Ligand SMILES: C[S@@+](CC[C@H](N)C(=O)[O-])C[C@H]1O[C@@H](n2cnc3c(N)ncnc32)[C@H](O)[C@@H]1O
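Shown below, as structure tokens, is a lone chain in the form predicted alone; questions about how it binds or moves come after it.
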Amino acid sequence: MARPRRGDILSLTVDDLAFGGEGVGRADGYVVFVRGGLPGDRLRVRLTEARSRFGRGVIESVEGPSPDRVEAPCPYFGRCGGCRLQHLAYPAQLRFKAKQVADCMARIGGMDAVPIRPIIGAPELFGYRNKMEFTVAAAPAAEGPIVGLHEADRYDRVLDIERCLIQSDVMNGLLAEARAFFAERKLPVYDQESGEGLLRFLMLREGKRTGEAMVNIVTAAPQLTELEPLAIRLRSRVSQTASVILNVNPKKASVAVGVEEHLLAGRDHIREALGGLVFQISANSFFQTNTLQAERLFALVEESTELRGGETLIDLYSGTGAITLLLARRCRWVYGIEVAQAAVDDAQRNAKANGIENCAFLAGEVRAVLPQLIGRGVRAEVVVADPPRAGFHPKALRALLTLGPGRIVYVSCNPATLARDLGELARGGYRIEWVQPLDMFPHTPHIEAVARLAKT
């Protein structure tokens, strides 16, 4: 057949899901990616993009639904950029994610024979997130500002969200109070082009085990007098509010991290209990966003290290020290390396609050700090690593191979970079004993995995 063109209507059956959650189908051999398509769907699709080897399309009609297709409970589904798999039954979501991990191991890492353990599903499918970041945008006419999430595949449009199903009722209550306050006070919204206006982001955090909640308002200027009444309102109407913070980001960059921070009410942190320890979490520090599943993840990591009490362990990309401190109870000494100074400060406070003294936290890039430790003669029997989505920097990976620990436990939020790095470690003298997929984020394409490696 002639190559399809943009605007053409094609009939196809979806037979797979791509890494980002798009359905993949073929029309007379021509590959089409379809947002919202599920394996088993028979669809009529209108092409929005037509390249020589593949196209992209939108669903015109569902001629025959997949047996795994369900009704998405969220009223924003399809328009909101999050939770792209709500219309896929949860057992099928788990099968898809496990398959993604196995495919990456084979295709990217060149490791067909790596044992892939059965995926660990999440105990909560809704209300599981302990952190959400909402963008504040101008609304048309005289309406109050939009406080919501980006529309699907659009970074220039924000969808007003009154209630999000993957955060708790407490966080939804805080969202509603903040939105009403912004509207009542007619506070100006920051404009990216002109650089004028005040409101930029609203970040909510919650300690699932402690019940403490944080509200972090990100603005373009330190206008404390305008926002102090919001802190009073939140504390009086939502009893769980333990911290109200103002972060100031005067720069053009659209990020919810400020260059200065002001405490409006309560403490400058909230607390979370996990694995028998209590952690302090500040506004800009990293902490796993699914507390219940993080407990399972950390227990798996602890078991996989096989610590006997006399080891030195290095925790790479240690964040606020959650894994570091949990493992410090079972070994002689732990070093945690983390690039964000705010997270290192939190980790040090967490160590002190829990009475843990056999650890040291070092601020800096792993690729720089780890060689420095090696140069000082530090050796480690075990390394735990939880890098960002980009995985290891090549210099950091070379330093890890130079260190040569007997065991490595690699925690990853990106199967593609995990497979790439495991391939390099395998070529550097390590055996991948197993890979364990774990679902931290139901209804999204994101997948966590833990790999255990032993030096051959």
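Just so it is clear, the model here is predicted, and its values are computed rather than measured. Start at 1 and count along the sequence shown; that's the residue number.
The same protein also exists as the form predicted together with the named molecule; that form is not shown, yet it is the one meant from here on.
Is residue 339 near the named molecule? Define near as a heavy atom within 4.5 Å, in the model of the complex. Looking in the model of the complex, residue contacts with the named molecule include residue 339, since a heavy atom lies within 4.5 Å.
Heavy atom to heavy atom, is residue 126 within 4.5 Å of the named molecule in the model of the complex? Residue 126: no contact with the named molecule in the model of the complex.
Residue contact check: residue 388 to the named molecule in the model of the complex, 4.5 Å heavy atom: Result yes; residue 388 sits at the interface with the named molecule in the model of the complex.
Hey, in the model of the complex, is residue 181 touching the named molecule, heavy atoms inside 4.5 Å? Taking the distances in the model of the complex, the answer for residue 181 is no, it never comes within 4.5 Å of the named molecule.
Tell me, which of 77, 286, 333, 90 has a heavy atom within 4.5 angstroms of the named molecule in the model of the complex? In short, 286.
322, 314, 370, 214: which sits within 4.5 Å of the named molecule in the model of the complex by any heavy atom? Answer to the contact question: 322.
Which of 357-365, 239-247, 161-169, 111-119 sits within 4.5 Å of the named molecule in the model of the complex, heavy atom basis: Stretch 357-365 is the one.
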